[in-house]
Every structure is written in C-alpha cells, then in structure tokens.
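Only one chain is given next, in structure tokens, and it is the form predicted alone.
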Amino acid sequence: MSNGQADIGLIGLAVMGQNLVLNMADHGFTVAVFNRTVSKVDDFLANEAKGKSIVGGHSIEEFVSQLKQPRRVMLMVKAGKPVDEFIEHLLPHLGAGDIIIDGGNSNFQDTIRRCAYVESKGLQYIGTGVSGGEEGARNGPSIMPGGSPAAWPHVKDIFQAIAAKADGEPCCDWVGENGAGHYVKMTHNGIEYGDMQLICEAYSLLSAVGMTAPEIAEVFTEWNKGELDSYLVQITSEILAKLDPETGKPIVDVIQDTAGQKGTGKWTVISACDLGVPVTIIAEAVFARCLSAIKSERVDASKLLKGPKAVFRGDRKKFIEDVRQALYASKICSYAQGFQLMRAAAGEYKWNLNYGGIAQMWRGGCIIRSQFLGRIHDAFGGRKKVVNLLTVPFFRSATRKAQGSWRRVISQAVKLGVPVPGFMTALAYYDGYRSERLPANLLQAQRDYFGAHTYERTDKPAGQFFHTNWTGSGGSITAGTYTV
C-alpha cells in the first residue's frame, strides 16, 4: 500500500487498542498502528492483523506518513504522563487541521488543558471515553467524544461505524467542547461503581437469608428478564453460577472480598464535591471498596465488635421481590444523581450536553448498558429541561411503587446486621430530595453561633443575610461563607 492511505492511525497495542483496530478494519477502514515497543507492531501484523487492512509504522515519522489528511491519530495509552509525551512526539510530524484523539480514561481537567494546548498549535483535539472493555472494543463499544468541534465531522463516520448499536442507532455522538467527552465517561464509570455496589448488596442480603450462590444466580437470571435487564445483572447471574474447578465450590465463594479501583469513581465524587452535587450512592460505592480493602482490620474487628444475632424468619419469596424493588429504586436514584452532576458540570464548563443523547450512547456497548437507559432517553426526549429524573412521571411512579419494599429491605438489613450503604443512602437521598424542609436551619444557626457565618430568614427575601449575637458578647462582625 502506498503512503498516505490509512483512514486513521492508532498508537498503543494493548488489548483495547488491538481490538479497536480490528473493529475498524472489519468496518472497511484502513488503519495504521504504532507502539512504543516496536516489536509489538510486527507481532500484531503477523498474527491478529494478518490479511486485514492494517499497516504498521516502526517510527512516529513512518507511522504519520501512512495517514490520509487530515491525519487522525488515536492514542490508546495509559492515562497521565504517557498521553502528554505522545502529544509532544506527534506535534513535530503533524500539521494544521490534523487531529489527535485520546481514547484512554484521562481526567477531564487534563483533557481541557490538552485541548487548549493542541489547538494553540493549529491542530484539533478529541478526548473520548470508550466503554465496553475488551469485548466492546472488538464488537462495538460506547464512544463518548468531546473536544474541538471542528474535528467531529472527520471522525464521525469511523466512530459511529465501530460503535455499538441500540435500536439501529449508534451508541456514539458528539458530547461537547474540550473535556466534555471524558467527563461523561467519568460519570458513566461513577454510575457503574454505584450499580455494582447495589448489586453486591442485593447478593449479600440474599446470602444472609440462607440462599446459595447458584440459587441467587437463578434469581438474577429471572430479574434480567424484567425492569433490571442489563449487562451487569446478566454477568452477575453467570458469575454466581460458575463453579471453581479446583474446589467444586461456587467460584464467588473462594474469591477474596477485597475490591480494587482505578480512580474514576473517586474523580466523580471529587468533581461532585467541587460542584456541590450530592452523588451519595457513588460516594458510598467508593468508600465500600475502601472498607473492603482493610481486610485484616475487619478480621480483627469481627472478633471484638458484636452485632445482632437475628435470623430471617419471613417469606423468602416476598423478600426476594422486595430486594428486587429496592435495587430498582436505588438504581433510579443513582442515575438521577449522575445526570444532575452532568447538568451542573455543563453549567460550570459551558458545555451544551444532550442528555437524551448520552443515555442513547450508554444503551449499548458500555458496562452500564441496560433496558433502563431507554427510559432515561425517553425522559429527555421532547423535554427542554429535566431538573431531576425522580420528577419524571415514569420514575416517580416506579419509586412510589417500590417504596414499601425499599423500606422493608433496609429495616431487615438493619435487623440482620448486613451493611447496605448503597440502599440506605439512596433512600436517604430520595427522602431528602422530597423534603420541603430539612434540618439545615439548625445547622446554619450552629455555623452562625460559632463562626458568625450568617443565615437567611424564611420571612425575608432570598439573598438577605442576618447574624444573631447568640451570647451577647460576640459583636456584629460576620464571616464569609461557602455555599454549595
């Protein structure tokens, strides 16, 4: 093949990178590849890429020379310093209008910075979330691109061709300026943390009432036929049914209960704190992983700290249905929080986010793909503004229907001594959001008492602040305040 005929180039031939390249080739695109360890290029061309419309470069210069103009280069390298290093390696070999694409899990703030930097050099930049893991990358991921708007028409056909499809529509569309794509991917991962934690709590509760892993697998298989139909519920049923070849036990029973994390859930919570948005379910999911990690402390504490010795004596079939309803209602709250976070971020960073489009992007290919997201897509369709998904008629009806079950499950968990932080904080959020008046009036009085932080009054216009001299000796000087 002559130089300059590749439609797109990709740097980084780890699992995700290789599978994206093969996916692109399957859809009729010619792809150039490069890897820092150059031997990987030859290995890939000789094996997985053999006979496909894939070419390799043994240097950045050779790699870039194989690309059509405007040259499109996608980085699938480790987030952080490697991305900045490759940008610097590429810039001398690229020209005006060429496009650098970061497909890794980069922090959105880094993407905002990189977008401005690359644009200052006369090039265009895209930071895109890619979700779906190895299988998604090969057969159709969810792709969430943002960055330089002028770059989108030049990658749209490629991205939408290789993306997953839901009802015939690609799970990929333009998200917004600079860091918007990576922000939406970060929020996706935060919601994923919440979904996984809630599912784990359902499993823990069913285990606590005496059910075995294979029995719980059957429950999840049944749940996956209804409102909870999703990738995570499906794989949970498969995981619980799997036996360990060494011991013959359910493999889940021999896996150590210490969870890892890569940081995107933490980033979501940090951003939510910066923006003043209560993503309590994601936060609890992050902290539940942190708690799981201190295994030795928990083992010691289990010998010292006592809890209830209650035994479940209710109707197991009814309890299973209650857990299903509690999981569904908690999931609704989790997504409501995630979409509120994106709405706040859009205001802060001046992004014009299409929330129905985001729900469509998440309907296929990604880890949180589910039937449920179709309802969210519909909720935003035809509505100029959805303040909170909980107020949309469909979700309002669903949470109302689930409330009895939700509260019974949490009460039963407390009696059994089973920790369900996700279920609990979801209900607390629901009850807090529906409360016309919260005890923050007392909190403001406390702040004013010890710090002269002032307060607003119910009988005065909003925006007027008052201070009480609580002790008679504090004077009239007031302090500044931070309002979320």
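Every value quoted in this text rests on a predicted model; they were computed, and no experiment measured them. Numbers follow the displayed sequence, beginning with 1.
Absent from the display: the form predicted together with a small molecule. The rest refers to it.
Engineer: Is it true that Gly132, Lys185 and Gln261 each have at least one non-hydrogen atom within 4.5 Å of the small molecule in the predicted complex?
Structural biologist: Yes, because Gly132, Lys185 and Gln261 each have a heavy atom that approaches the small molecule to within 4.5 Å in the predicted complex.
Engineer: Just give me the single entry in Ser405, Asn189, Thr236, Asn178 that has a non-hydrogen atom within 4.5 angstroms of the small molecule in the predicted complex.
Structural biologist: Answer to the contact question: Asn189.
Engineer: Could you work out which of Asn354, Asn139, Ser204, Asn105 is the residue within 4.5 angstroms of the small molecule in the predicted complex, going by heavy atoms?
Structural biologist: Residue within 4.5 Å of the partner: Asn105.
Engineer: Heavy atoms within 4.5 Å of the small molecule in the predicted complex: which of the stretches 405-413, 345-353, 309-317, 192-200 has them?
Structural biologist: Every other range fails; the passing one is 192-200.
Engineer: At 4.5 Å between heavy atoms, is Ile112 in contact with the small molecule in the predicted complex?
Structural biologist: Ile112: no contact with the small molecule in the predicted complex.
Engineer: Using a 4.5 Å heavy atom cut-off, state whether Arg289 contacts the small molecule in the predicted complex.
Structural biologist: Yes, Arg289 sits close enough to the small molecule in the predicted complex that at least one of its heavy atoms falls within 4.5 Å.
Engineer: State yes or no: in the predicted complex, is some non-hydrogen atom of Ala164 no more than 4.5 angstroms from a non-hydrogen atom of the small molecule?
Structural biologist: Flag for Ala164 set to no.
Engineer: Is there a heavy atom of Leu94 lying 4.5 Å or less from a heavy atom of the small molecule in the predicted complex?
Structural biologist: So Leu94 does not count as contacting the small molecule.
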